[in-house]
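Quick setup: one chain, the form predicted alone, written in structure tokens, and binding and motion questions come after.
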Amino acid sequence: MAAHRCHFPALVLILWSLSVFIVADVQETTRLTDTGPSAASSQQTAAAGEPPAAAETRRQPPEEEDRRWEATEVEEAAPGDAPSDSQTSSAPETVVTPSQPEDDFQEELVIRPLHSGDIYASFQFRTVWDTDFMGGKKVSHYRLFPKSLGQVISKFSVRELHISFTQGYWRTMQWGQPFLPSPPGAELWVWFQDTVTDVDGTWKELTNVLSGIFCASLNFIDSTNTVQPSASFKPLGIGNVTDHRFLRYATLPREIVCTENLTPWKKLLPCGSKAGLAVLMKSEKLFHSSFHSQAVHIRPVCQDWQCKSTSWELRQTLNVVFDLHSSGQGKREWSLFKMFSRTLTEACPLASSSKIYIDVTDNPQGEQFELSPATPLLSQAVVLGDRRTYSVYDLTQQATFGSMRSLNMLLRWKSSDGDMMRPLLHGERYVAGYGLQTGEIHTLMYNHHPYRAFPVLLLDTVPWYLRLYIHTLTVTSKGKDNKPSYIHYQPSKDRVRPHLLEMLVQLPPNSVTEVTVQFERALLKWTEYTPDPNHGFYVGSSVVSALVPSVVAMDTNSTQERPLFSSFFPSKEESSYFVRIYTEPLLVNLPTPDFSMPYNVICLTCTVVAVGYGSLYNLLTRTFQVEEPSPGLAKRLANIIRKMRGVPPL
């Protein structure tokens, strides 16, 4: 029986092995049988006149056919273009070429040597996306356009958004006009779509969201520093929305710009700060400068000159002026490494264009400064009404970096001679008067054109605690009264809204126009003062907008390929160009109570309470007990001896 039990498992193992071989043989036979008719049918199809491509397609294994269909895009045909069955069976299958990406990214750096020995560097990053945020369609896939800003546009129905953070004041008479102006502190102005019903509520939510995105104090924007300009801030993109009810403008002149604002700004770039021109943005170098400004502009633009379809443009700009003396080098010599402590090694891989422009207009023969390495590429552009010449370095070409695979441009000054072309429009602002009760605001606008007069639009925003006497408003030019052709004034309400004053003034040629208005200082509640009230209270900059006569003909085609720094403000006329300048912010002292007096009162009160009331309370609550004096040493020794002898103590 034991032998039979041992042979039974062996027999089962032999039978299982034979069944495996038989099944494998049957599967191989089936595969050969299926292949034979297929090959025969393919030969018959080829003999019947079928195209070889179709026959080859039929002979492909199923795996290759699946891969081919995955890489093929099929276009949807119109209902009226449906082909017949015979055409479908005989036509070869066509592989559709993938469409071009719907978004594009460009980056530029413009370096302009200044006659003072300083140097002006302007970064321009432009992302264009062919999508529609205003059509109610939900956008879920983002490639180059930052998703955080795209969601803001969709949620709050934003048509245009312009925000800037600036540290320092742009010295127009020393440096000329900037490519993109901005006031000191933070500035935000937004155009909403006409479908927004509660603009004020949407504006409040938008400022809170932007405050979190850019790590700024934009949440302090409320109705007390928000205005609705009627003519100064028109849309810079396409669209005919001119109803100023959907426009909001606010400034925070005391906002401090720091690294915490630059870091989220750089994260909005497709390549971040890892590649391309953004690698030069080193915080300790950018903030150790005379002027620093970063901005974000979002607007709809036309895709072509006919403007049949629109795109969304995101433009990120960063302007910085490096001072000759604060840098500590003492000589007029600049390079990328001295300015940014870094050099360039590659362009952003996602950028379709990456270029560096060096302004050599005032250096035609190299007598002012020497530029190395030299580049044969030159470009001309009309910037701020003047034709400028630039040396161009194309970072998408490997030959630009040379054998060292690193680009470090050097500017070495040879001569300090030469005069800067004086800006045609300039503005100043200051506070006059004495005492802490009344004062006067003076705004000066300079027209340096020798023979042309042009109108300017002045915007003044004054806080409610400076109560303007609008009947004292005077406008004088060359000692004569200059009556404005348009005035829009909105009085303030205490703790609700500020003053808004807009006027259209004609500036005579080669003149200074002065606008003055008197005000009275209000008394604030003690809880409304800042932690350092004796420092003063800031009043935002005045905004001067004008169409200035141009020296050369301006290009009115906004869709033509141009450098980014010359294509931000659209030109409607060939004879003039748009300029917006900002004056200095004001620092006004208000009647301030002696906040040290409450401190003295608190100290004196606490001292009186501690000495007087503390002593009385101690006398009323303390309990007194009579204690006998302790015996002397001789008496204690005598008592010990008496205790040992059994005698009562003394």
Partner chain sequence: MGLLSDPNRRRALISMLTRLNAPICVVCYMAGVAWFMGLAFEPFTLRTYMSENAMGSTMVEERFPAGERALATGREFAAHKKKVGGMPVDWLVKTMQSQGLEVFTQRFSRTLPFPDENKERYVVEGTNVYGILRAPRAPRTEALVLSAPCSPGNNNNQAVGLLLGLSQYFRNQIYWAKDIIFLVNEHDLIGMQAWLEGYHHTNTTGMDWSPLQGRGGSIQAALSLELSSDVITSLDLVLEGLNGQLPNLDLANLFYAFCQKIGVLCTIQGKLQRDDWDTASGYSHAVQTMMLMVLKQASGRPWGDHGLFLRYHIEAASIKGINSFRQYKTDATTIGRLLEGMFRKLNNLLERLHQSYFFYLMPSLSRFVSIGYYMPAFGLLAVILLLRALDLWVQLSALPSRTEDGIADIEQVSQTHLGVLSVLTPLVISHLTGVALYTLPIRSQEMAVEHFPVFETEAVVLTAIAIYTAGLALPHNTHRLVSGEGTEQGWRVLKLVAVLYLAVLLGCTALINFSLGFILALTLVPLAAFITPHVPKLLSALFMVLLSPGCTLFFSIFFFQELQETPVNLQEGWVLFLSVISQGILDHSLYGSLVYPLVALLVYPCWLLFWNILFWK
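Numbering follows the first chain given and starts at 1. Note that the coordinates shown come from a computational prediction; the quantities given were computed from them, not determined experimentally. Take the two forms, superpose them, and find the largest set of C-alpha atoms that agree within 1.5 Å; that set is the rigid core.
The same protein also has a form predicted in complex with its partner chain, omitted here; what follows describes it.
167, 538 and 585: each with a heavy atom within 4.5 Å of its partner chain in the model of the complex? Every residue of the candidate spot has a heavy atom within 4.5 Å of its partner chain in the model of the complex.
Taking any heavy atom pair closer than or equal to 4.5 Å as contact, tell me whether residue 451 reaches its partner chain in the model of the complex. No, residue 451 stays farther than 4.5 Å from its partner chain in the model of the complex.
So, residue 532 and its partner chain: in the model of the complex, are they within 4.5 Å at any heavy atom pair? Residue 532 belongs to the contact set for its partner chain.
Distance check, residue 103 to its partner chain in the model of the complex, heavy atom within 4.5 Å: Residue-level check for residue 103: no, no contact with its partner chain.
With a cut-off of 4.5 Å between heavy atoms, is residue 412 one of the residues that contacts its partner chain in the model of the complex? Because no heavy atom of residue 412 falls inside 4.5 Å of its partner chain in the model of the complex, the answer is no.
Proximity to its partner chain in the model of the complex (heavy atom, within 4.5 Å), stretch among 262-270, 167-175, 187-195, 485-493: This holds for exactly one stretch, 167-175.
Please pick, from 428, 359, 346, 313, the one residue with any non-hydrogen atom lying within 4.5 angstroms of its partner chain in the model of the complex. Here the answer is residue option 428.
Its partner chain isn't shown here, but in the model of the complex which of 432, 522, 215, 470 has a heavy atom within 4.5 Å of it? Partner contact (heavy atom, 4.5 Å) among the options: 432.
Taking the rigid core as reference, does the Cα of residue 609 move 2 Å or more between the shown form and the other one? Result for residue 609: yes, a 2 Å-plus shift.
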